[in-house]
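Quick setup: one chain, the form predicted alone, written in structure tokens, and binding and motion questions come after.
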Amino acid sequence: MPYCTQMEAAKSGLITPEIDKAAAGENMAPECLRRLVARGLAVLPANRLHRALNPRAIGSNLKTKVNVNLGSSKDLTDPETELAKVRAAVALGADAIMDLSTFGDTQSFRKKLSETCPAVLGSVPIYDAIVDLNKPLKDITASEWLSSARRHAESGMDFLTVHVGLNRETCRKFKANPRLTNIVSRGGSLIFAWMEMTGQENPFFERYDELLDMCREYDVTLSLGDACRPGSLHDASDPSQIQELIVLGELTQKAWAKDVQVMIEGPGHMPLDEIEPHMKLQKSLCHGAPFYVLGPLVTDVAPGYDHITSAIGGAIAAWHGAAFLCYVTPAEHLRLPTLEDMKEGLMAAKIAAHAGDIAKGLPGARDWDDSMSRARQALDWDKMFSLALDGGKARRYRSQSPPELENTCTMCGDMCAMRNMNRILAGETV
């Protein structure tokens, strides 16, 4: 193999098969995508051991991509249910699947994913360190934390979330500036607790070069985790969040020097008016590396509807430069999502992603909407269903409420504006 990573190949002027295929999905010349990957402005997560991968690129100059989180917990351990979610998510157009399992035979589950799932795959290795080692958190060694990352790379994960920016300095900043909701990142809270109990530096930060060497070996993309992401509007854009972002920017450059691809993870909960400036700040501090955001959720008071609060923030974030939206389901803050929760969350995120692409003027983004509008004007219901984000749901709604008049719906009936305008402009009587 003439190159170790997609970034190394891109820097050398090589267009890999993965870049060629991902560029086709963007309606972009492969050379244009190669240049973005070479500069770190786009990533192409493609672990060499993920045999089933259908590669796609993530970057602010590209279509906004959507990630689906799933995985088992101690209370709900059913791998087959989670695999059913995977299949449904892929069928509905998810770009990435992230396994957040915290219980059960997680290694077998990841292996099954890498053998069968065409979407980009991600995971959080520190969960497994706790699951597999089955010992008190404070007794886990730095080497064992690093080994957990290697196991995930060996299982074919294309990107790994590692909370490497939560170093001792970031922790001091957090403790000096009390928050309303403290650290809400699950991985971040575990690393913080381990550091507090042991008095040691974050092993992923202290031994970052080893982590990069491992990523280079398998061509794993690093998703630099936002341990200090705000878990409430009150905590948005506070000193610890910005301190961590500064650290992640420095670590990005170190990764690029070793040809390791990097994404930056971001908020979290954030007021509507802070999203645009935060997107710009991230681009500045992290040198244009793709931004991967959870939401942002623009209000704290809508449990049961957080897929909507997330979609509002996600659309604005995508408009202003976020490259990758992590979906949020109606079950956020409440329970492990069901299959139906997953579908609702994914559709909300895909709507947000597409709305963002239209707003930022992505070439061709509006074509889809214009095609739908032409089908509506022509009252071509089958065409509308074929163009819909979820054509099955649209078709089901119409079939459940059949109209008296053909080519109308039960809301407007013979007052249908489309039908009447078509007829009157054709010289017919309404």
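Nothing here was measured: the structure is a model prediction, and the numbers come from that model. Position 1 is the first residue in the sequence shown; the rest follow in order.
One more form of this protein, predicted together with a further copy of the same chain, exists but is not displayed; see below.
| Any chance all of 3, 177 and 248 sit within 4.5 Å of a further copy of the same chain in the model of the complex, going by non-hydrogen atoms? | So, no: the whole triplet misses a further copy of the same chain.
| said: Looking at heavy atoms inside 4.5 Å, which stretch does a further copy of the same chain contact in the model of the complex, given the options 104-112, 251-259, 74-82, 202-210? | reply: That would be stretch 74-82.
| message | Counting any non-hydrogen atom inside 4.5 Å, which residue from 280, 87, 168, 333 sits next to a further copy of the same chain in the model of the complex? | response | Selected residue: 333.
| said: Even though the partner isn't displayed, in the model of the complex is residue 12 close enough to a further copy of the same chain, meaning a heavy atom within 4.5 Å? | reply: Residue 12 lies outside the contact set for a further copy of the same chain.
| said: I'd like to know whether residue 337 contacts a further copy of the same chain in the model of the complex, with contact meaning heavy atoms within 4.5 angstroms. | reply: Yes.
| query | in the model of the complex, does residue 309 have a heavy atom within 4.5 Å of a further copy of the same chain? | reply | Judged by the heavy-atom cut-off of 4.5 Å, residue 309 is in contact with a further copy of the same chain in the model of the complex.
| Does a further copy of the same chain come within 4.5 Å of any heavy atom of residue 144 in the model of the complex? | Contact check for residue 144: no, nothing within 4.5 Å of a further copy of the same chain in the model of the complex.
| request: Note that a further copy of the same chain is not shown here; using its position in the model of the complex, name the residues of 263-281 with a heavy atom within 4.5 Å of it, in sequence order. | output: Going through 263-281 in order - heavy atoms within 4.5 Å of a further copy of the same chain in the model of the complex - the hits are 269, 271, 272, 273, 274.
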